[in-house]
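Only one chain is given next, in structure tokens, and it is the form predicted alone.
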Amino acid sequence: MNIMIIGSGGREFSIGRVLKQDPEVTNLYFTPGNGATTMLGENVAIKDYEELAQFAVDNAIDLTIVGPEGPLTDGVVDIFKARGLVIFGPSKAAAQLEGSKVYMKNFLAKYNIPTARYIETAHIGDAFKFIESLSAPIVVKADGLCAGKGVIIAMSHDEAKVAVSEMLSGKSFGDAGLRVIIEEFLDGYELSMFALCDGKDFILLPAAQDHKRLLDGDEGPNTGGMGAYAPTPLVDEIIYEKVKERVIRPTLLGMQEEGAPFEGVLFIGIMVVNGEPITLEFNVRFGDPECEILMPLLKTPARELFYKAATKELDTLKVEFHDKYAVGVVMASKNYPYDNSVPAEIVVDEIHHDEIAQNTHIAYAGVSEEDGKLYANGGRVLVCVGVGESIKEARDRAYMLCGQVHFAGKKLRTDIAYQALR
């Protein structure tokens, strides 16, 4: 089978890594890929989606997997399907669940899916009035795509008003912030849950927990994610069933009603409040770094999972996971998330310890390659992943690997999975 992966991050590298280990996968392509994906397959430098679809035809690509949200909201799936190509991901219409937070919140309300009390508006007066009706902290969200950074947790009414003003003026997020959502803050614990969907059926993957804040103890600014672990002991079968019945099934039925059946990965940001799962947000692709820890837990070939979801055959697949835990620790560049960083050479020590060699790996993201050397390009550079029989064993192994990786200005949290281990 020939497979192409659209994207350039650690998420796409980790999907490619498990596919590379599959003897049924003949050729693997990444577009555009990164400096390390050439270890796994061939990078393709085609930006135009029509040209990319023609490349897929010319190279007998059996399956295309879309990683990031941008191509999905741009409609790459529709372009490929018009050529009769098999592609994993939602249509442009279905991708609105992430492309517009206003669409998503109104969808939740329409189909009675539990979510926080909110208002969506482009009017500053209405926004300020609703802010005054809430107790701090207050959540302010830009409507459009902001690379995972368009959510502000305001600790006071004044801070919320400043955030709204800067979004509506275009100062914070440009056009993505010209319509905003303000919602009540929910006090509980947050989970990342992923359902692979084929429009009608779905498979729910083990729940993960992400660490969004830059610094230990969940301090500092929000980021795209500084680490994650799965499965989390904070979820039991009761919560899984509630999410299936109250969130996923109504969403799939609702999207059918909207004329945009949902195919691909439905990421559900959940806040559990007094044992009840409340939907914070939807994304229409794997989270990053959650994808990096879910892929090594998958026992069923990833090829089968993605292909059957893309061809509406999930009901014919029995999915199995390894009875293990995975922890991923993000290494970021010196100035992340504030500014760009100067490229820095990445040096990985030769690993002599069997425990590390057999139970850890690196998922590369923000890297380039020059003369056989990898360089940290800025942003989130890579993820050190450890797998073990317990969360502690997986975490310890991930941090052992972190100790083997060096580049100038490397930045990481030292407390990933602390909520499960305290």
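All residue numbers refer to positions in the sequence shown, first residue = 1. Everything quoted here is computed from the prediction, not taken from an experiment.
There is another form of the same protein, the form predicted in complex with a small molecule; it is not shown, and what comes next is about it.
Interface segment, criterion being heavy atoms within 4.5 Å of the small molecule in the predicted bound form, picked from 180-188, 296-304, 332-340, 310-318: In the other structure, the partner sits against 180-188.
Work out which of Leu205, Leu280, Leu85, Val243 lies within 4.5 Å of the small molecule in the predicted bound form, going by heavy atoms. In short, Leu280.
So which of Leu234, Ala136, Val348, Ile153 gets a non-hydrogen atom within 4.5 Å of the small molecule in the predicted bound form? Selected residue: Ile153.
Indicate whether Met271 is a 4.5 Å heavy atom neighbour of the small molecule in the predicted bound form. Result yes; Met271 sits at the interface with the small molecule in the predicted bound form.
Using heavy atoms and a 4.5 Å limit, would one call Ala93 a contact residue for the small molecule in the predicted bound form? The answer is no: Ala93 has no heavy atom within 4.5 Å of the small molecule.
Decide whether Lys161 counts as a contact residue for the small molecule in the predicted bound form under a heavy atom distance cut-off of 4.5 Å. Outside the cut-off, so no.
Examine Ala116 and determine whether its closest non-hydrogen atom to the small molecule in the predicted bound form is within 4.5 angstroms. Result yes; Ala116 sits at the interface with the small molecule in the predicted bound form.
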